[in-house]
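Single chain ahead, by itself, as structure tokens, in the form predicted alone.
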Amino acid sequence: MFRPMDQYDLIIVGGGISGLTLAARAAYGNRLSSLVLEKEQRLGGCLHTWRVEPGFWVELGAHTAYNSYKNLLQLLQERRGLDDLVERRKLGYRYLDGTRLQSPLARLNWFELLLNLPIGLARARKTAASLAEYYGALFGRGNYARLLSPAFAAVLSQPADGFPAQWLFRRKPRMKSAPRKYTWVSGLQGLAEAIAEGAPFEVSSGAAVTSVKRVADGYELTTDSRRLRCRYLAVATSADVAAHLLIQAHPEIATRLSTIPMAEIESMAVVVPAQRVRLPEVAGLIGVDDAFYSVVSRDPLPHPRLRGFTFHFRPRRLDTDSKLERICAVLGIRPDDIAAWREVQNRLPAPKVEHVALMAEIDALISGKTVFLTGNYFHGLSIGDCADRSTREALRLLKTHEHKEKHHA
């Protein structure tokens, strides 16, 4: 049974950091009646915190936020203040090559660097270059293969050699009142929850959208229990889900979104009594020709009894038992030392250099329309990239609404 048709000014599909940032900016800016629909029972999307016990959590998705995420921090400051930010201790990363732990400098060939860097600085350009092309020119191909290729794959949780160089390490303004690297007092998922708490928009979790179609005054959406209408529609999901949702309402946009490839990551987190782990304290490990891209440690947030580690495995390499076996070998523990573990599937866009032009094409297609797109596939994969995109789309939405109101006045 469907309830009577509900009408909103704005409906946002997706309750991750992208959808919630857009909802908050649109609602606070102009008091549009807004609804966020999230198919999962929790908010956060790629911000996925496993709360093991009070005061101890492990991240299953994104791990760290930075003070260069200015649009996100400004929104949090307006909503809640920044008192609940928790600074992360500075610890280093190590490469794991078979059984050897190595520092980054141990894998660097200085002669090759000095031979390539002057020429690379003079000639290399990030625009239209991949990570392999740009940083290979700067550091030398051997250094890139030994040092940077596995590091970029660890950062992006996918093979990263073809990733657009201009999307990584962009200079951004920092909010100096915030710690340089931080999390939230209850884990990164708490960032999303803090934006939604007491906000002037509705949130409906466990509400998967099954269809979207155009109607005379906007859009009609269907979930398994509701039919909804809105003047403006924002889609804040992964690119492939957005393509599926928009195939009827905007087939030309959906067709282009459907060409964006996705990467799968099999993530497994473990909690271990601190005294059982032989691995020294680290921020994380970078896998070299290993079954995992990276291991991210909770060590920057010390706990008196427990340590937590999230292994981001390459897809379809190991079954669950084999993953646990590899984890035990890396940490120097026995299977019965693991106090708790959890396994999740993560998905991220896998852009290549040509993706930059595709995003410009999609932006041109949605210009002037009442559909708004945001997510981690526009200008980068980070939390800050998502918040930046959502802030820009919220501004476009408010300008569109203002223009329509003036036109109808």
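Residues carry their position along the shown sequence, with the first being 1. Predicted model only: the values in this text are computed from it and were never measured.
The following text describes the form predicted in complex with a small molecule, which does not appear among the structures shown.
Asker: Sort through 33-41, 363-371, 50-58, 350-358 and report the only stretch with a non-hydrogen atom within 4.5 Å of the small molecule in the predicted bound form.
Answerer: Of the options given, it is 33-41.
Asker: Please tell me whether any heavy atom belonging to L147 falls inside 4.5 Å of a heavy atom of the small molecule, as the geometry stands in the predicted bound form.
Answerer: L147: no, not in contact with the small molecule in the predicted bound form.
Asker: Does at least one non-hydrogen atom of V241 fall within 4.5 angstroms of the small molecule in the predicted bound form?
Answerer: Yes, V241 lies within 4.5 Å of the small molecule in the predicted bound form.
Asker: In the predicted bound form, does S68 have a heavy atom within 4.5 Å of the small molecule?
Answerer: S68: no contact with the small molecule in the predicted bound form.
Asker: Just checking whether H312 would be counted as a contact of the small molecule in the predicted bound form - the rule being heavy atoms within 4.5 angstroms.
Answerer: Heavy-atom contact with the small molecule at 4.5 Å: present for H312.
Asker: In the predicted bound form, do G16, H63 and T237 all reach within 4.5 Å of the small molecule through at least one heavy atom apiece?
Answerer: Per the other structure, all of G16, H63 and T237 touch the small molecule.
Asker: Answer with one of L76, V209, V295, V271: the residue that has a non-hydrogen atom within 4.5 Å of the small molecule in the predicted bound form.
Answerer: None of the other options qualify; the answer is V209.
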